[in-house]
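What follows is a single chain, given as structure tokens, in the form predicted on its own.
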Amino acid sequence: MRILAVCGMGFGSSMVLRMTIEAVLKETGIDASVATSDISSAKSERADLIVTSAEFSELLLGMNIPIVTVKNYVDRQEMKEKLIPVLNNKGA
């Protein structure tokens, strides 16, 4: 399972998002890799799941990849509530 953390430029916010995703994965014992990307490159990246903000999720529609939209990149509880059900549906 490859998760792509997407932000505008692919630097700061996506790294924060990646760290939160990795913390939740570790806490729940789910094995997955997490990569970062900017919004422009995300469409050409190989991923099983994308995690991003509502603003960017609209730009990624039509990719046939599940998109998890979060409001607070550092809120582990929000991440867990939104990410785990999607991962469970994908058989992670």
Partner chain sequence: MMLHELLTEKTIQIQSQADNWEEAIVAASRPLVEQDCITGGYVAAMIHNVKKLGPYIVIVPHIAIAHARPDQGVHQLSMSMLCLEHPVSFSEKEEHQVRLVIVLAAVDHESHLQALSQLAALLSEADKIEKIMAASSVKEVMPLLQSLADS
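Residue numbers count along the first chain shown, from 1. Bear in mind that the values here come from a model prediction, so they are computed numbers and not experimental data.
Keep in mind the form predicted in complex with the partner chain is missing from the figure; the text below concerns it.
Contact check for A47: no non-hydrogen atom falls within 4.5 Å of the partner chain in the model of the complex. Looking at M15, you'd find a heavy atom of it within 4.5 angstroms of the partner chain in the model of the complex. In the model of the complex, none of the heavy atoms of D31 sits within 4.5 Å of a heavy atom of the partner chain. Looking at C7, you'd find a heavy atom of it within 4.5 angstroms of the partner chain in the model of the complex. The putative spot formed by S53, K71 and V74 is fully lined by the partner chain in the model of the complex; each residue has a non-hydrogen atom within 4.5 angstroms of it.
Within 4.5 angstroms of the partner chain in the model of the complex, the stretch 29-48 places a non-hydrogen atom from I39 alone.
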